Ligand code: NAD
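Consider the single chain below, provided in structure tokens and representing the form predicted on its own.
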């Protein structure tokens, strides 16, 4: 593969072509990052932060352009693309304002005879490999803590959205004009093969967001060099609707939590368990909410298309499998006959755990709802998954919600809202949803070498 042809999911038109990085170019990018590490890691953290804060103005200046590239190359509505760009500005603020404090040496013990100190030192070269669903925001989740902590970066964005990745590169090119040393940030282009090759190079850590299957391959390829890993590998996130939930608010929250970004969010609600006492009321309101979801390319659309035909095939396969095994479609279930990778918001009932759409990650606008006899049954089924990224509980009794939350195996559990990311809080999964955490205190320290200093 010498070049990537980027196809817009809106209408299947060619968005652009970009040259794939050769193996020599990938090796050189890593070598440049390694050489730049000495200078960058030696700078005081205050100086590194001061430079990175300049990113905010560079992004604000280009925000509308970036949002349009996201819109055309990834497919999400422009308002959603702008929100994604804005989230990066918030991330810069968080990391630059908080990470220096988190990286200060910690005195573990001190006596007249000796002192023990925990240090957080720059790690080296970080390979950051990112997906297409939030193609501008997610790269910064790996890049920012790497650079603040004194490491250098080689970024490889998804082959589905290389031009959004190029927007990230342009911003760092401009930052070099403001004083960022050359080759602290490096950029390569490619698909799976290029990603695998990058992982096998002289790097110290891989920060990856993507599929479970790809995460397993990264672990395998990292094994000979024992790379540090942060892997965020998606989920099959459950929602539990209790008998005392505010059903109107719950139906709205669950449906929008399932459909946002056309279901292409690792923490989308992908299965719902509703206790029988409120099942009928919930279904009636969820049907109304699903029918009200506007999808399209216009300003009033809530969601756009799927990223590509490969993703639409998964959605169709999961739906066909469910119908074959007895499920019933209440809303949607079809692909409009027009250019683009569109699929209707879809509500499905009469589902069970023999169906793919209740066990495998769908990553599309399907919402399967299952009636359960009790909260105990709901908890058992919610935990019946290899994944554990987020889960949500819907109840008016907060103490009850907290008790149920302790029984669920997930990295984030929410009460009366969909799962999601909150700056300053750890983000990552339990079970096979990943290893390590992005964001929060655990994030930036995970991008460092922890050293014990023992002074007599």
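Residue numbers count along the first chain shown, from 1. Keep in mind that this is a model prediction, so the values were computed, not measured.
Beyond what is shown, the protein has a form predicted together with ligand NAD; the following relates to that form.
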**Message:** Is residue 133 part of the interface with ligand NAD in the predicted complex - any heavy atom within 4.5 Å?
**Reply:** yes
**Asked** So in the predicted complex, does residue 37 come within 4.5 Å of ligand NAD, heavy atom to heavy atom?
**Response** no
**Prompt:** Counting only non-hydrogen atoms and a 4.5 angstroms cut-off, does residue 99 reach ligand NAD in the predicted complex?
**Reply:** no
**Message:** Please tell me whether any heavy atom belonging to residue 73 falls inside 4.5 Å of a heavy atom of ligand NAD, as the geometry stands in the predicted complex.
**Reply:** no
**Prompt:** Of 205, 209, 251, 315, which residue is found within 4.5 angstroms of ligand NAD in the predicted complex when only non-hydrogen atoms are counted?
**Reply:** 209
**Message:** So ligand NAD isn't shown here. In the predicted complex, which residue out of 289, 159, 84, 167 has a non-hydrogen atom within 4.5 Å of it?
**Reply:** 159
**Request:** Would you check whether ligand NAD, in the predicted complex, lies within 4.5 angstroms of a non-hydrogen atom from each of 273, 344 and 420?
**Result:** no
**Message:** Partner absent here, but in the predicted complex, which of 176 to 184, 376 to 384, 110 to 118, 225 to 233 has residues with a heavy atom within 4.5 Å of ligand NAD?
**Reply:** 225 to 233
**Message:** Residue by residue through 251 to 290, which ones have a non-hydrogen atom no more than 4.5 angstroms from ligand NAD in the predicted complex?
**Reply:** 266
